[in-house]
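The chain below stands alone and is given in structure tokens; this is the form predicted alone.
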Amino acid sequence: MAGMKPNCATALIASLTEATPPAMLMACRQAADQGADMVELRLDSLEHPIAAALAQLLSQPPLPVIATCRPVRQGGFFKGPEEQRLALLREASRLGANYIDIEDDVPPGDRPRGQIILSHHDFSGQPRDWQAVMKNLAAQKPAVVKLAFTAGTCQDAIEACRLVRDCPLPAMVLAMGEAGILSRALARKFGAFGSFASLSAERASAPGQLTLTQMKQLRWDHIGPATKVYGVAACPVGHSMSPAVHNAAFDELGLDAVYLPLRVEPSEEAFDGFLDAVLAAPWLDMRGLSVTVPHKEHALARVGPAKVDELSRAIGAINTVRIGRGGELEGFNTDYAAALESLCQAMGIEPAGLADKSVGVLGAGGVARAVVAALAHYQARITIYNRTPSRAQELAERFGAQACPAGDIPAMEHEIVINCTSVGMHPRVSETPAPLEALRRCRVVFDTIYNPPTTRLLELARQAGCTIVGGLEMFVRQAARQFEIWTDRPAPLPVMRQAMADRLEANPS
């Protein structure tokens, strides 16, 4: 593969930003315990970056060391004279630091001796000819080439992977920010020199930097040149439980695959641009996508009605894309059966038992379309409530339901109420799409939101004496079907369910 560097094992590098030498030494030991391969000592974060501190830090470090003293002009904290900064780095090299990170705007004659990581940082977020920047860095023949720039889109992260892949020298290219996570997580796949992580989110040294634990959860230790890539395209994406669930399934079956969070901005244009970049990079080995808010209808439009199943065409939205080796796309909707199974199991009925039951569906987006399609198939009497009445009317006409504005929710009377909006989802957990008074007239309340597991709506429904159905089971079941579509293997449902529960327990907010 182009760009794979011989004898170069990609290092997981803990970037340490503690303020005192004792704290930084303790952080070194913590990094070793958490599975880091190397540490970056951010000398510019020390309250008093002096030579005595270096002697203490470099006497017996538990891991190989990169010494960095980043100036303010390139996103660091060092504000002192340039000669003092360079003297610190020269001393770090003399005391045995394995690598010295030096900025490309430092004249060659002023750079410390030793193994040099020649770095360039750009926080502007403006498009640049990064290929030319990389070529200039490599022409100076350092031990390692490093480029870090702010990612505006996932496409920038893919470009970062391309630059690493094509560089003739050991390299690190990091697309900073949430949109750039792919470039950090897939560093091993493309033979990068390393990828940076922090001990905790509060101690991150760059935007979008994951923790060591998060990198490990994204199957860092299992990623290699042949790893297949999957992910969830969403905006926002940081709250998604999908990576934990799917990566647990890959672990259980020992598959060479990884599932990543992919921030794709809300517009249809942004979704198309992302898919264009994926299809233009077959070497990325991206084989499938989960698609969620706000891209389910965008995905159907992009894949095309001819390349989705009949159910997805009827629903008008998809949540799953399969990408063939030649770039061919297929679309599916796995929400339908998952919602139906979750509801009927809680009610203790077969799907046929939904016939003629009065159901209020809140929302008219992708999940609502799947739920309404399922209910209509089994001849329930459906009323759709939505903030935009025209969207409710369009969905109602498609499936023989009734439509009402969201303002009618307080007066609704239904045996079953199903929330398919994002109202009450983390982080806006105090909100509810329906008041307690309306829920007192219901028997069953189903909230398709899974984070938090018990939403404000479900709390009120419990107070009203209703049977409640949470979104967790629906989520796990739709994810299991996605897994089977992508891998042609039975999904390890109990493992996926446990991963979901563990993730929610660890991150209850």
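Here the structure is a predicted model, which is why all the values come from computation and not from measurement. Numbering starts at 1 and runs along the sequence shown.
Keep in mind that the form predicted together with a small molecule is missing from the display, and what follows is about it.
Contact here is defined as any heavy atom lying within 4.5 Å of the small molecule in the predicted complex, and by that definition not a single one of Ile13, Leu147 and Phe149 is a contact residue. Mapping the unseen interface onto this chain, Ser312 falls outside it, with no heavy atom inside 4.5 Å of the small molecule in the predicted complex. Taking the partner from elsewhere, Ser358 is found to have every heavy atom lying beyond 4.5 Å of the small molecule in the predicted complex. At a distance threshold of 4.5 angstroms between non-hydrogen atoms, Val293 is in contact with the small molecule in the predicted complex. Using a 4.5 angstroms threshold between heavy atoms, Gly231 stays clear of the small molecule in the predicted complex. Note on contacts: among Gln402, Gln140, Gln74, Ser422, the single residue with a heavy atom within 4.5 Å of the small molecule in the predicted complex is Ser422. Met474 is the sole member of Leu457, Met474, Val39, Leu54 with a non-hydrogen atom lying within 4.5 angstroms of the small molecule in the predicted complex. With the small molecule left out of view, the stretch that reaches within 4.5 Å of it through heavy atoms in the predicted complex is, among 413 to 421, 259 to 267, 207 to 215, 160 to 168, 413 to 421.
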